[in-house]
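Single chain ahead, written as structure tokens, the form predicted on its own.
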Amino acid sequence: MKIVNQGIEKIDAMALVTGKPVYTDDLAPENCLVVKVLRSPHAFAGIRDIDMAEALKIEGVECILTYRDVPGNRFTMAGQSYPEPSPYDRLILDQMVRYVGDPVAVVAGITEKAVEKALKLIQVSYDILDPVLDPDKALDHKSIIHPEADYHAREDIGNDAKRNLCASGEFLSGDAETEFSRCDVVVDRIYHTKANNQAMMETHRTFSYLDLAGRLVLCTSTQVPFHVRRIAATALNIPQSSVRVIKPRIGGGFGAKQTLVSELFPALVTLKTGKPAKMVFDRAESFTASTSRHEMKIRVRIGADRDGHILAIHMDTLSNTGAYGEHGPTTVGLSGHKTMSLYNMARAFKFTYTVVYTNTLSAGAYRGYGATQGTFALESAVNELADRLSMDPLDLRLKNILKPGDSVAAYYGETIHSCALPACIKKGREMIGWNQKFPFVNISNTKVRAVGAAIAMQGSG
């Protein structure tokens, strides 16, 4: 018991509270080249020509790199275990740009002022294409966002790039339609959650250099150093043994740093010049050129008998992965499997999903990883079902939720070994004074105070 229930000082505690250098940018060498990216002003376009002549004349500019200077290896930037289920649909720089903010050229120079000046002098001519901006219209749209012949996935994820389909699938347990026909009350609703940004305090940042053995060293603010190593090696077409990744203390990630964002641009510069290089995103770049939560439209059908026994649940998710498929095939699964599983007493479950490409910012990992969107949808529907049944929504949940020892039909038949959800609901009801406040109490002639409830599950570690 030297560790359990004891206050253990964190290794970097004193360094943090005394302001010592611990974060990526604190550790970067002073002689790093400054790296910035010229980004597309168009949602969907082909690059016809890039004129860099005037930009290269700027004193202090070391190099300007375009799609002509990168390996032709398709890859995914999603930080997932190999083989990644996300499709290989990216190049470091591509001749086609797929959202406003997609990289067009990389500029490296001795000073930030020189690089900023060069960025303004690069002339790019585009063949502008018709963008796909509405996920409801993306499937089989006349514009194909990924027409490239070398697009591929390493697993069967139900994708078809020619249809702007990143992933699709279906899960069934029991006969949902038969059970719906037996229900006394059925709620059928569509819930729409928008994309949003993680907004961590430390933006994306990376510096790179070559060590004494000639290895590429990436010191980067990331949640997934071993994945960065593998993905960087793939994208740069070098052996993994030639890449070393250092992960300092990071100033927040929340999933945004489970995807490569800033790593490859300074890496490319270092390999081209042999010099240390550094890229630091400003806040605008983090909002417009990193990743967001997946926008989802989720249709929920949920039915019960008049006594409040839930008989069937069907969830259908349309997920917008944006211009690239990072985490698209995996986040969508949690929108159904991590939510319907809560109501394990139901006789039938059906989960269908479609993940589409659009010409918008690529989505990625974000706290809850798809379950957040699904929880909002299903829990809203359960509350509406309780209202239709004239039942207390907590009583409805307690009658239907899973318990320890259950084999969870909607979560691949996994057995739940630990679950204190019923006790949690009962304790929460007591602490909030639910029985006295639900659904609301009058505070004055113009104000009411209401209470509401939702439940969620998540597995970690």
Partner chain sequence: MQITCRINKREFIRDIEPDLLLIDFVRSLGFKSVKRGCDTSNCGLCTVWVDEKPVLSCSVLAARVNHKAVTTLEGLEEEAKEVGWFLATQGAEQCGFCSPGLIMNILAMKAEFKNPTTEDIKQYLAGNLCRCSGYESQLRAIKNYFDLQGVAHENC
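The model shown is predicted, which means the values in this text are computed figures rather than measured ones. Numbering follows the first chain given and starts at 1. Between two forms, the rigid core is defined as the largest C-alpha subset superposing within 1.5 Å.
Keep in mind that the form predicted in complex with the partner chain is missing from the display, and what follows is about it.
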query	finding
Listed residue (290, 354, 198, 375) with a non-hydrogen atom within 4.5 angstroms of the partner chain in the model of the complex	198
Contact residue in the model of the complex, from 250, 217, 389, 122 (heavy atom within 4.5 Å of the partner chain)	250
190, 421 and 423 all contacting the partner chain in the model of the complex, non-hydrogen atom within 4.5 Å	no
Residue 54 within 4.5 Å of the partner chain in the model of the complex, heavy atoms	no
Contact of residue 59 with the partner chain in the model of the complex (heavy atom, 4.5 Å)	no
Distance check, residue 366 to the partner chain in the model of the complex, heavy atom within 4.5 Å	yes
Distance check, residue 148 to the partner chain in the model of the complex, heavy atom within 4.5 Å	no
Which of 69 to 77, 279 to 287, 376 to 384, 95 to 103 sits within 4.5 Å of the partner chain in the model of the complex, heavy atom basis	279 to 287
In the model of the complex, residues of 22 to 44 near the partner chain [heavy atom within 4.5 Å]	23, 25, 26, 30
Is_shifted residue 8 between the shown form and the other one (CA, 2 Å cut-off, rigid core)	yes
